[in-house]
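There is one chain below, alone, in structure tokens, taken in the form predicted on its own.
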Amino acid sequence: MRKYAVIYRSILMENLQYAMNVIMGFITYFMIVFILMQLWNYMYSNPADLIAGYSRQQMIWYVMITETIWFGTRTATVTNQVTADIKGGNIAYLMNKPYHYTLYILTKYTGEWSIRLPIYAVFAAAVGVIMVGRLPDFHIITLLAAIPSVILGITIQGVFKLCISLISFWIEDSNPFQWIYDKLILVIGTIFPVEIFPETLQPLLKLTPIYTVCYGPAKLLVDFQMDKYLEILLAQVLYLGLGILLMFFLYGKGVKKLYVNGG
């Protein structure tokens, strides 16, 4: 584990030098969130109304939190870099390093979002308080309790996007699959909470990564309930375990394919 800690620290220090670029990227985030704010303000003709169990403030804060997670963890490491390494043949060199390639990629991914996400979170919190007001019934203990869920959700996102990238061992380009996955996560669970969708679909959505990546952490922050907290954490642990097994399986099969074909 020490070697991965060293990798994490080096990536962290490297990304600290480009923190201003992250801050500039917040402009795009603000524009999207502002548009979504106006959408939900229009839909809540009466501020006292509830839609799918969410008040106006809860719904807007939910969208802001999910968009913060979305923008704060966007990185090409688990997508473009992995695909480029495989397609360009660099993987043959990297897989002989004294670390596991997939764990190296996840460590690098973690180092990158460890800088991006806190910056986005601070700015998003300031914008939310100014434009929407404080989140009702929110306490600092809620944030502390939700942090493990946020970290698990982000890690699950990285693992599954890495799994999609590893398909490049067999197909020329995995980007179309990345696009489909991103749009599913963005629409179902990021822009709209699961409760918005028909009740017949909700149990199905809870069996997908959508439930654990963005929806779960945001739901806990806007409406913390202990039973929901335990349910989401259990789902995240199961999904993370399955995702890691799939990741190692795909990587092992891909490496074996390289050896069979002579690198």
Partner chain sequence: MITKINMSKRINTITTVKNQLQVCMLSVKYNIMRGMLNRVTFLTNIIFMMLNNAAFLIQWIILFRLKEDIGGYTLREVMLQWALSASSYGLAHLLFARVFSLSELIINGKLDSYLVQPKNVLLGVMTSATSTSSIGDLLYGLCILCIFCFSFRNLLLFLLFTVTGATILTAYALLMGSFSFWFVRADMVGNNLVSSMVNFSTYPDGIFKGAVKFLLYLIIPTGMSIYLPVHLMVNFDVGQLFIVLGFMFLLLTAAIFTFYRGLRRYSSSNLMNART
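These numbers were taken from a predicted model, which means no experiment stands behind them. Numbering follows the first chain given and starts at 1.
The protein also exists as the form predicted in complex with its partner chain; that form is not presented, and the subsequent description refers to it.
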(message) Only one of 155-163, 173-181, 138-146, 75-83 has heavy atoms within 4.5 Å of its partner chain in the model of the complex; I'd like to know which.
(response) 173-181
(message) At 4.5 Å between heavy atoms, is residue 187 in contact with its partner chain in the model of the complex?
(response) yes
(message) Residue-level contact is defined here as any heavy atom of the residue lying within 4.5 Å of its partner chain in the model of the complex; does residue 191 satisfy this criterion?
(response) yes
(message) Can you tell me whether residue 200 touches its partner chain? I mean in the model of the complex, with a 4.5 angstroms heavy atom cut-off.
(response) no
(request) Mark residue 237 yes when one of its heavy atoms lies within 4.5 Å of a heavy atom of its partner chain in the model of the complex, and no otherwise. (result) no
(request) Using heavy atoms and a 4.5 Å cut-off, decide whether 103, 117 and 132 all contact its partner chain in the model of the complex. (result) no
